[in-house]
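Below you'll find only one chain, the form predicted on its own, shown as structure tokens.
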Amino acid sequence: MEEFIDITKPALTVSDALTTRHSIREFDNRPIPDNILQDIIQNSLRAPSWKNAQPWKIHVVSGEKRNLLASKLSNAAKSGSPNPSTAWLDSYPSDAKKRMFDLGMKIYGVAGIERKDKNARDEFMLRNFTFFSAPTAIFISSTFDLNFFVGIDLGCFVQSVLLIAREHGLGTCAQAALGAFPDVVSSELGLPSEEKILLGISLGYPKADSKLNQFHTPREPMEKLVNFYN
């Protein structure tokens, strides 16, 4: 049975942020105050990293630049194939594949999209590149050689953004899709060639009346994944 929760109120504790956070795919057009954006990024920069390497560079895009990037990324997605800086995984264990498939079907169901309606599914996918109408997008890049530990560091930073955003009553969607066309982003932001665009986060205020926003993604029970030893 699907679980639905209210994600429009600020989270009061770290635990609250963790247990109520999920990806938001319908935002309203309210701009985020500059002081809140600065607070989210400034505090997220305290994320841990291997030997304090801090392998990230952060690009916060709003306003006209956000609109221009949304248009260019949408056009790239309609006319070309993804060319990410690091290859996306295409092999998962069978249990993970089942979870991923089940989640996709549940999201399409809540969004009112029939499984056989490819056009509707394609249109839904394209919304990634307009940041699901969020007023701000955060792009994360790195000049580091990419490896397992750099990936962990970047994950710590991304998680920090997601949780602090919840503290402010904001919604987020972390998206590999925003790293699908790194040349488009790098060109528009004037980044050097050695700086690799890896992923992005859509950030804004969730649409309050959206059933899709209220859908809470399921998790496996703790006893299936965790062992305690004494």
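Computed from a predicted model, the values in this text were never measured in an experiment. One-based numbering along the sequence shown.
Although not depicted, the form predicted in complex with a small molecule is the subject of the following passage.
- Look at 66-74, 22-30, 36-44, 184-192: in the predicted complex, residues with non-hydrogen atoms within 4.5 angstroms of the small molecule sit in 22-30.
- Note on contacts: among L126, L103, A96, I152, the single residue with a heavy atom within 4.5 Å of the small molecule in the predicted complex is L103.
- This chain is displayed alone, yet in the predicted complex one of V61, I164, I197, A177 has a heavy atom within 4.5 Å of the small molecule; that residue is A177.
- Using a 4.5 Å cut-off to the small molecule in the predicted complex, not one of F131, S160 and L203 places a heavy atom inside that distance.
- Though the partner is left out of this view, S15 does not reach within 4.5 Å of the small molecule in the predicted complex, counting heavy atoms only.
- Within this chain, R219 lines the site of the small molecule in the predicted complex, having a heavy atom no more than 4.5 Å away.
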